[in-house]
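The data below hold one chain only, encoded as structure tokens and taken in the form predicted alone.
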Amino acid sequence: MKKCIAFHSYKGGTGKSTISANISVLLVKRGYNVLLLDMDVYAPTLQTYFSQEPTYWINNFLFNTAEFENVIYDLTRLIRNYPTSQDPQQKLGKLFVSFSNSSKEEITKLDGTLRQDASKLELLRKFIMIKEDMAYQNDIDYIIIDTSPGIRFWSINSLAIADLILLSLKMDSIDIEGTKKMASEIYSAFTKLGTKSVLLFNRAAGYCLPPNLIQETSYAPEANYANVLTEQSTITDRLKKDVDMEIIGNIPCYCDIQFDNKEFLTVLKHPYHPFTHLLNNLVDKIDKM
């Protein structure tokens, strides 16, 4: 297996699920076999994103009510059958996805296990098994994990098995200060064990031009654009220095994607969109690490 990559953030709404799903598809289009795990157990979304109604969930594997092969779903057909993917010369890998159950009962059950040390240890063993045993049995090249935001047991377990952590964040003070805190309290410990962590800025300014907020009577986005980018660059440079992490990407806020009625795998729907181009660049960097 090449890598286990965890997408993490201080708070929700930073685009982890969208980016992790699209990155998974781009890796499959390059011929890799990818396992995408939804470990955002408190607010799982991938089953809705992929329009799936699973019979078994990753929860079933964690609680020994299903074998691992029963909780992963081969969704390669979604890529192969998509109009923009009909290239007979292209050798696709396989896309496997495992979903997390969003029912209140299952979330309560997961929370209940955290009160027992023995159960915590058993669940950690399950995570290690996924990486060290199950991935090899299924010939997986990349494991992509969509984690719970913040410092929680489930996200820590996901980070513990990751080779690479992509910390996604937006350009607001809450996210930035929270990221600094996690970098000092959490990521530094994983770095000492050999895990690499990098910053991924998402939904930054640059595509939808902001209005000139100083001159309220006029709408002149171009006049304010340079100031916004300068301020943004100052913020990213300062954070990079404060947390001692590389910035692997800076993705603008694309309103046409964010407010799409049914957001689904933009890299397939719009292969020539700037978002797709930036994610391909991100995959290039990941593949070389």
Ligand SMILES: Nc1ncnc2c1ncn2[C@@H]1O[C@H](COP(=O)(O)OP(=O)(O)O)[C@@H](O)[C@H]1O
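The structure presented is a predicted model; accordingly, all values stated were derived computationally and were not measured. In this text, residue numbers run from 1 along the sequence as written.
Not pictured, yet referred to below: the form predicted in complex with the ligand.
Trainee: In the predicted complex, does Q258 have a heavy atom within 4.5 Å of the ligand?
Mentor: Output for Q258 is yes: heavy atoms within 4.5 Å of the ligand.
Trainee: Given that the partner is absent here, does T276 sit within 4.5 Å of the ligand in the predicted complex, heavy atoms only?
Mentor: Although the ligand is absent here, T276 would stay clear of it in the predicted complex, with no heavy atoms inside 4.5 Å.
Trainee: P271 near the ligand in the predicted complex, any heavy atom under 4.5 Å?
Mentor: No, no contact at 4.5 Å.
Trainee: Quick check on Y254: any heavy atom within 4.5 Å of the ligand in the predicted complex?
Mentor: So Y254 counts as contacting the ligand.
Trainee: Counting only non-hydrogen atoms, which stretch in 174-182, 92-100, 196-204, 155-163 is within 4.5 Å of the ligand in the predicted complex?
Mentor: Among the listed stretches, the partner-contacting one is 196-204.
Trainee: Could you check which residue among E67, E246, D237, E263 gets a heavy atom within 4.5 Å of the ligand in the predicted complex?
Mentor: So the residue touching the ligand in the predicted complex, by this definition, is E263.
Trainee: Of Y49, F63, Y32, Y56, which residue is found within 4.5 angstroms of the ligand in the predicted complex when only non-hydrogen atoms are counted?
Mentor: Selected option: Y49.
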